[in-house]
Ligand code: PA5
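Read the single chain below, which is given as C-alpha cells and is the form predicted alone.
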C-alpha cells in the first residue's frame, strides 16, 4: 500500500502463504473477484459525484475547520477541563484520536506541561462513573468547556447528561455564563437539539450562548470523526487537525485507484469478503501499540453497525463480527482460543515501526539466561520486544493455519492516523456493495430507542412499539 502519498503499509503475505493449506487465499482468488470490485469502485465514484458517500469529501472540504481554530484560540488558554457528552460515533472517534495522539497519561499531566485542557469523554451513563467525573469538575466549572454532540437531540443518553451538566453549570456560574461555556455540535437546520438551542438563544439574548458546530449533512456518526464531531476536541487538546486531514486526503487518492489490486481499500474488502464466504466472519483487530488500542474500538463500531444487516434481496442475516484484541496483552488471554479454537477468524495486526520514545532493557543477571537474553539482544528495548512478540504471534497463527494481515505505521502521528481512519471508512461502502446491503443505515438500533422512550415515560410512546406485539 506504500505509494508517493501514503505512509501506511499493507502486508497480506500471511493471507496468501502456502502454509495456510485450505485456508489460503490465492492471488487468483482476488483476481476472480477484481472485475466486480472494479465496477463497484466506478459506481462509488459516480455516486460520489452525485453527492453520496459524503464522508469522502471531509478531508477536502474541511467544513468549519477555520471556525474550530478560531474557537480553540479563544477558549483553550483559560480552559482546564473539556467535557465531551456523546455516545457511539459521537464519542469513539474523540477517544481514539486522544489516546493515539496524546500521552495516555494526558489528564494526569500538570497544566503547564499540557498547555491544553484535560479531556473527559462521557460515552456512557453509568452513574458511578458519571459522578466520579463530576467530582473532578464540580469546583472548576468556570474553567470547563462542555461539548454536547448530538445530531438529532433524540439520543436519550446524551440528552440526560446534557440536562444534568447544564443544571450544575447554571448553579455554579449563573445561566448567562454557563451557556457561553456550552458548545453544541448538531445538525445545521433541523432536529430537537437545533430547535432547542436556537430557542434558548432567542430567550436569553446572550451573544455566545450555546455556540454551535455542525454535523455535515449525509455524514453518519460512525463516519464523522474527521468532521467537527471529532476535530473540536482534538484541536482543543493540541492535536494537529490539518495533518490529520492531510493524511486522510492522501489516502483518498490511494482508495480511488480504479485497479482493485492496487487500491488498498478494495484489496482489504476483497480479502474480508472472500473469507466471509468461506465461513470466517469473525474479524479480529489486534494493535501492537497501546496508542492504537482505541482505534480498534472505533473500528468495531464502524464494522459492526455498517455491515451487520438483513440483506434485502433474500432477507438473510449477514455481517462480520469485529473483535478487539491488544498485543502483547491478549497473547496471554485470547491467543489460546485463536490458535486452537474454531478456525473462523481473520486477523488484522497493527504494527508500529518506530515509537516516539523507547526504553532500553538493561543487561543484568548474566548468569540467569531467563533474564540475561533480554538485555543482550540486539532488539533490547521494549519496542523491540513488542515487535518480536508480534512477529512470533503471526507466525504461530500461520503454523495453526490462521490467516492474518498487517497494517504497519511508520510512526503514530496525526497524518498516519488520518490515513488509517479514511482507509477503513473507504473499505465499508465496497463491502456493502459486495454484501448487497446499505452500509449507512442502522435500522436495528431504533427499536431499543423506542423501548427506552417507553420505559422512561416519553409522551407518544405510552404503548409498546408494534414490533413487540
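Note that this is a predicted model, so its numbers are computed, not measured. Residue numbers count along the first chain shown, from 1.
One more form of this protein should be noted, the form predicted in complex with ligand PA5, which is absent from this view; the next part is about it.
Considering only heavy atoms, tell me if residue 406 and ligand PA5 come within 4.5 Å of each other in the predicted bound form. Taking the distances in the predicted bound form, the answer for residue 406 is no, it never comes within 4.5 Å of ligand PA5.
4.5 Å heavy atom contact, residue 397 and ligand PA5 in the predicted bound form: Residue-level check for residue 397: no, no contact with ligand PA5.
How about residue 150 - does it come within 4.5 Å of ligand PA5 in the predicted bound form, if we only consider non-hydrogen atoms? Residue 150: contacts ligand PA5 in the predicted bound form.
Taking any heavy atom pair closer than or equal to 4.5 Å as contact, tell me whether residue 449 reaches ligand PA5 in the predicted bound form. The answer is yes: residue 449 has a heavy atom within 4.5 Å of ligand PA5.
Can you check 289-297, 84-92, 247-255, 309-317 and let me know which stretch has heavy atoms within 4.5 Å of ligand PA5 in the predicted bound form? That would be stretch 84-92.
In the predicted bound form, which of the listed residues (221, 228, 117, 264) lies with a heavy atom within 4.5 Å of ligand PA5? It is 221.
Selected contact from 155, 98, 348, 393, since only one has a non-hydrogen atom within 4.5 angstroms of ligand PA5 in the predicted bound form: Looking at 155, 98, 348, 393 one by one, just 155 meets the 4.5 Å heavy-atom criterion.
Within 4.5 Å of ligand PA5 in the predicted bound form, which residues of 298-315 have a heavy atom? Give them in sequence order, or say none. 301, 305 sit within 4.5 Å of the partner.
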